[in-house]
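Next up: a single chain in structure tokens, the form predicted on its own.
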Amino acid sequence: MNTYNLNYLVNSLYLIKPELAISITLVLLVLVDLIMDKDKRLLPYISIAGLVAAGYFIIAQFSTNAFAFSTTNTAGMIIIDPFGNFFKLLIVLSSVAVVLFSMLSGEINEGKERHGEYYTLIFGMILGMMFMISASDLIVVYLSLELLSLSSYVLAGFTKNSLRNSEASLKYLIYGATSSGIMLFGISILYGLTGSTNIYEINSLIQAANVHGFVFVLSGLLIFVGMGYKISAAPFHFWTPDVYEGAPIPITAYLSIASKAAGFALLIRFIKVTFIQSIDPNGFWHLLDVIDWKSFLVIISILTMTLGNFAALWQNNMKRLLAYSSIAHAGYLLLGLAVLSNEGLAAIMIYFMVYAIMNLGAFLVVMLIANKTGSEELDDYKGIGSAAPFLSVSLAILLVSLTGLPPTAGFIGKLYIFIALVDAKMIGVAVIALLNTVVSLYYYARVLKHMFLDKSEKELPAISSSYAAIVFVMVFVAPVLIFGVYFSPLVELAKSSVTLLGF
């Protein structure tokens, strides 16, 4: 290896410091688990320290634009840019929240002897998601997707003494293996047509060779299947309600935020980089005329939000209700992508920041109530407003935000999606999204009715929360209220992060 190649390798490793921090933490978790066989108390603190280190490196290189692991004449396999760093930071913050969730979770604490495997697998997911977000080569995309998936399959069935956990893990594995196989087939077709797996090179080859035809469209749609599965887009959403209901609540919350964020980042990068032709002064993307992504994404987003909202109307389990809610939110997010503009991309980022806060908060309250009552069924929420006033009011605020009503942050997230749709003259689609929001109001209000208006058939004892739990809940409730009024920091961060390397 000559000096130039050695220096380039060192520089590439320097660019992936966040991923290296996660990898080192993963190895450290394994070693500590082996050395301290009976005492698992240090594992969550090591996990948080590793995430803080990774977050520091992400912030330090937030404005960096560079390729890593490339030869002199090709684009790199890994991209470091503000767009990727935004989603990495979102995943790190979500991961810190989930580690703290796990420390408070009755389900996770029942299996203390397996905490080493638990935290190691979470870091396997984090590593897979980070490389997914930064990948510019379809082989790296597939490998990182598999690393994420294999870790999450096991975590979905972490509670071995629960039949529904085992069922969730098996269903997740079957659906995941099928979708990744379909995606790999699409990648192989695209490689056969272009001779490359690098999305920057594929873009250049498409423009130079004027590649068209049914086979090319088929390859793009097959690749979308793997990404659509990760973001719970219809009709690839079938795994979501069963897995969300069966998995431990911290893992359900994690899948609803971090896994979805990584999937969206991958989908946005794939469409924008592979098929971009130009970006006009107004920030609208002009894609190559090979696949009508705009029409396809509009159809998928409408189908996703409508199916998610209407299916949620009939749910009597809080985790299943929030699962269908997350499917509906994926539909709203896809609308931001369907606009095909930088403003739509900024709207997605604003929505994701808000969605992460309110959805994690909702799952936290559901977990704390389940710890006390042993149930996630909606019927058992009757009268809980008087038994657990703090948790009930907190959940009410978070559900109002998930609906998208002012003065909560959820309203701001949806507002920017609607602004992007109106600017793109997609008024009809905006009306459909607005009607879906009205539908979502019904099933969220149904939860509020059970908590505050219905009487429990049995007398409920007062449910108290620890000071740690109260503070943790307020960490999510307070931003929902603050960003509903003062949201300019969210908007500025999103608009500064829409830059993808080269575009």
Partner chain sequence: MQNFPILSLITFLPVVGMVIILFLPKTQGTIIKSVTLLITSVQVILALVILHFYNYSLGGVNDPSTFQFIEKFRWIDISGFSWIGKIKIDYFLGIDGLSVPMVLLTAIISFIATLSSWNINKSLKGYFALFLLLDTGMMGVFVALDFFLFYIFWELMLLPMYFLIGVWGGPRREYAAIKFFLYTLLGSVFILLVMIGLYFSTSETLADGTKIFTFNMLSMMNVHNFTATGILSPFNPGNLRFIAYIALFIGFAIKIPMFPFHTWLPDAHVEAPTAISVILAGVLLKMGTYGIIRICLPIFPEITHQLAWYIALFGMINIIYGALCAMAQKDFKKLIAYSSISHMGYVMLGIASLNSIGLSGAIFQMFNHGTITAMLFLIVGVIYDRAHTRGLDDFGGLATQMPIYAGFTTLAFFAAIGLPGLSGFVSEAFVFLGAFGSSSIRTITVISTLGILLGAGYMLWSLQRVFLGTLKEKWSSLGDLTFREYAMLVPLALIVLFLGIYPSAMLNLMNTSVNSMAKFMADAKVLYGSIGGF
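All of these numbers come straight from a predicted model, not from anything done at the bench. Numbering follows the first chain given and starts at 1.
Heads up, the form predicted together with its partner chain isn't pictured, but that's what we're talking about next.
Looking at residue 177, you'd find every heavy atom of it more than 4.5 angstroms from its partner chain in the model of the complex. Residue contact with its partner chain in the model of the complex: residue 427 places a heavy atom within 4.5 Å of it.
None of the heavy atoms of residue 106 is located within 4.5 Å of its partner chain in the model of the complex. Although the partner is absent here, residue 416 sits close enough that one of its heavy atoms falls within 4.5 Å of its partner chain in the model of the complex.
At a distance of at most 4.5 angstroms from its partner chain in the model of the complex, none of the three residues 171, 188 and 247 contributes a non-hydrogen atom. Of the candidate stretches 215-223, 264-272, 282-290, 357-365, only 282-290 has residues whose heavy atoms lie within 4.5 Å of its partner chain in the model of the complex. Though its partner chain is absent from this view, in the model of the complex it lies within 4.5 Å of a heavy atom of just one residue from 373, 342, 306, 203, which is 342. Residue in contact with its partner chain in the model of the complex (any heavy atom within 4.5 Å), chosen from 49, 474, 445, 468: 445. Annotation for 437-458: interface residues with its partner chain in the model of the complex are 437, 438, 441, 442, 445, 448, 449, 452, 453, 454 [heavy atom within 4.5 Å].
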